[in-house]
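We begin with a single chain expressed as C-alpha cells, specifically the form predicted on its own.
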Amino acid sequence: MNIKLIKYGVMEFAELIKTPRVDGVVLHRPFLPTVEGTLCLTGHHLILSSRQDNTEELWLLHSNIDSIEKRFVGSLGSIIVKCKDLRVIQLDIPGMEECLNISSSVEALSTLDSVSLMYPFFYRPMFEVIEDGWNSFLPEEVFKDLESMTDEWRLSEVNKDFSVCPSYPPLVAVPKDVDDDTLRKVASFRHSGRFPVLSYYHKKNGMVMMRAGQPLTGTNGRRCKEDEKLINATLRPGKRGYIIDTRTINVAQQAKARGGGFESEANYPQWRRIHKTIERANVLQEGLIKLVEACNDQSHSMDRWLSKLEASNWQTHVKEILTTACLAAQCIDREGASVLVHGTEGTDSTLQVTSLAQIILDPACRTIRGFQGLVEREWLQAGHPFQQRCAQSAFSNNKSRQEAPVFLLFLDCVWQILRQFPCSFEFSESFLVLLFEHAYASQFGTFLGNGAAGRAKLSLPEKTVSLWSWVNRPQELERLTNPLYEANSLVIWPSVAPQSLLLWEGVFLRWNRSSKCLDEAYEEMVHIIEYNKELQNKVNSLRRQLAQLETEDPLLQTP
C-alpha cells in the first residue's frame, strides 16, 4: 500500500469529520428493537456500538449511503440514512450542532470523487486468502477450455496496451483467420473500438455468440469490408447468422444521424437482423426510483400499490431482457445459427443478453464458480462501467448522470430463472443479493473502475482484495449453496409470460418486512432435505445388505 496515499487519505478524512463521536444516539431499524449507543465516524464507516446485551454493532460503509435527510424537534435531531442496498435507518442524535456536524460529515464522506480514497484501497482482510480471486478467471485459462473444443479461434493481443479499445481486456478471442491489422480496421468502424469478439462457444453444435459496439455507418452508409469478413468468418458454409440489435429500429435509425447505425442487409447478406426493445440507461434508472418508492410507501391500498408497481415498468424491463436472451439462445441451440449481439455502446444491454443466454444454454454458468466466471468475463472484463452505473442507487437527490441499474436488472433476470428452475442452480438467492450489494458498495476492489483500461490504471490486483477471494472460502461457499441443487446438463427455457415473472422481494421488500417466517421456512426445508438424505443412505445400505445376503444364500433370492 502506498504510504503517501494513506497519509493523504487520513488527513483528508480528518478534515471532513467535524464530530468524530457522539454518545446517546438511538438507532431505529424496521422490525428490529431500537438500540442506544455511541456513534463514531471513521474515514470509511459510520459505526454505532452499544453496551446493551445481544446487540450487534452497526458498521455502515459511507459508500453505501445514497442520501441523507435531517429532521429537528427542539434540540433533538434525527438523520434518515437511505442506503444503496435499499435499507433505510434513522439515527436520533442529541444536540442540534452534533446532528448537523454528523450529517454534513457523512454527506462529504459518502460522495468522495477520488476512487483511490475508497475503502477497498485501505481494507486489509481479516480472513486467510486461500485462493487469490484476481487470478481465478484469467482469459488465458478460460481460452484453454475453448481450445479443447475447437481450433477455430485464437487469443489476440491486439489490445495489449488498450489503444485499440479502452473498454476491452488486453486479450480477446477472435476467429483464427482474422489478423490483428484487420481487427484494428474493424475497431475504427465500431463504437468505442468495440470490434466483434467471442462471447460464448456452444459445445453441442459449434455455434457461437459474439458481442460488439454498433457499426459506425452514419447517414452515408459507410462500409467496412474487414468487419464483414470478421463476422462472416464465424459462419459455417451455407449457414446464416443472426444480428440481435437491442434497440428498436427507430432508435437504431436515429443513431445514424450521430454517426452510429446498424448492419445493412446489402453488405451483410448472410445475416438476418432482429431489433428488440431494451431501454436505455436513464429510463432504467427512473424505473428503479419509481419501483423503490412504491415498495417503501406503506400508506396505500393494494390497487394503488399495483398501479405504482406497473408505472415503474420494472417487470416490463425484466421481460424484455429475458425475451431477448431467450431469442439469442434459441438461435444458437435450436436454429443452429451463430449470433452477434450489440446495442449502441455494447457495454450495457448487450452484456445482459449475452450473459443471460449463457445461463440458459450452459449448465456450468449455473454453478457458483461458473457464475463468478460469467460475471468476470461478460461484465468486468467486457467493460461494463460499474463505477458510473452504480454511483447512485434509488434514493439519491443528485440529478442522475450515468447511473443505471443495468447489473441489478441482470441479477433480477437470473433470480427469475432460478425461481423457475430451483434445482438447476448450485447457488442460492443469497449469492445474487451479495453481488448486488458489492456492486454498489464494497470492501473489495472487484467492482471498481469503468472498463479494462481504467481498472488496469487503478492496479486493483496489487492494491485491493478480490470479492472472489472471500466467496471461495469453504464456510462462505456453504452459506451460498442452494440445498435443492441437482446438476442439470440440459438447456433450460424460462417462461417470460407476465404471470411467470414476479417482483424480487428478496431485494425490493427485504427491509420492509420481517424475515422471521422466511428464515424458519428455509431452515425447515434444509432439515427435510438432510433427513431425506439420511433415509436415502439407509435405503442404500439395506439394499447392499440384502444383495450380500442373496449372494450368500441362493434361497433368499427375490423372484
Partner chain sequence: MEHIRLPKVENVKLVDRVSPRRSRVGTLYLTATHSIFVESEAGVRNETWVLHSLVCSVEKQAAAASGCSLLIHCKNFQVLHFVIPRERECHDVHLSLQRLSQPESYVELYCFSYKPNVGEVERRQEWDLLDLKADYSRMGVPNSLWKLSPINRHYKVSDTYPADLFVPESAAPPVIVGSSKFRSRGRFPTLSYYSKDNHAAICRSSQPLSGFSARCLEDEQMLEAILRSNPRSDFMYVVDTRPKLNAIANRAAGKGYENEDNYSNIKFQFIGIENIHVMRNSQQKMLEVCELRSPSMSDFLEGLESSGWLKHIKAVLDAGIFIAKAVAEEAVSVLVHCSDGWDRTAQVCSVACVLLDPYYRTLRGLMVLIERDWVSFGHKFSHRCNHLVGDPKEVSPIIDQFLECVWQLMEQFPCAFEFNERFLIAIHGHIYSCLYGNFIGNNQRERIELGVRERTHSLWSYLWMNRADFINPLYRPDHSQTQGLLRPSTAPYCFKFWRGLYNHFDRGMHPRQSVEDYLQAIQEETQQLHDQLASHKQKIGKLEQEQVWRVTQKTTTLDKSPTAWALGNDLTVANTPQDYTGDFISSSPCQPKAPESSLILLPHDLNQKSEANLSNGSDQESGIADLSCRSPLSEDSTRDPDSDEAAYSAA
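Take the two forms, superpose them, and find the largest set of C-alpha atoms that agree within 1.5 Å; that set is the rigid core. Residue numbers count along the first chain shown, from 1. None of these values were measured; they are calculated from a predicted model.
Same protein, other form: the form predicted in complex with its partner chain, not shown, and the subject of what follows.
With the partner omitted here, the residue from Thr219, Ser148, Ser75, Ser307 that has a non-hydrogen atom within 4.5 angstroms of its partner chain in the predicted bound form is Ser307. Interface residue among Met302, Ile130, Val283, Ala257 relative to its partner chain in the predicted bound form, by the heavy atom within 4.5 Å criterion: Met302.
For the chain shown alone, Gly37 is not a contact residue for its partner chain in the predicted bound form, no non-hydrogen atom being within 4.5 angstroms. Taking the partner from elsewhere, Gln315 is found to have a heavy atom lying within 4.5 Å of its partner chain in the predicted bound form. Its partner chain is not shown here, and in the predicted bound form it never comes within 4.5 Å of any heavy atom of Ala266. Using a 4.5 angstroms limit between non-hydrogen atoms, Pro498 touches its partner chain in the predicted bound form. Just one listed stretch, out of 81-89, 176-184, 433-441, 233-241, contacts its partner chain in the predicted bound form at the 4.5 Å heavy atom level, and that stretch is 233-241. Taken together, the three residues Glu141, Ser167 and Arg369 lack any non-hydrogen atom within 4.5 angstroms of its partner chain in the predicted bound form. The partner is not shown here, but in the predicted bound form the stretch 527-543 reaches within 4.5 angstroms of its partner chain through a heavy atom at Ile528, Ile529, Tyr531, Asn532, Leu535, Gln536, Lys538, Val539, Asn540, Leu542, Arg543. Glu534: CA moves 2 Å or more between the shown form and the other one after rigid-core fitting.
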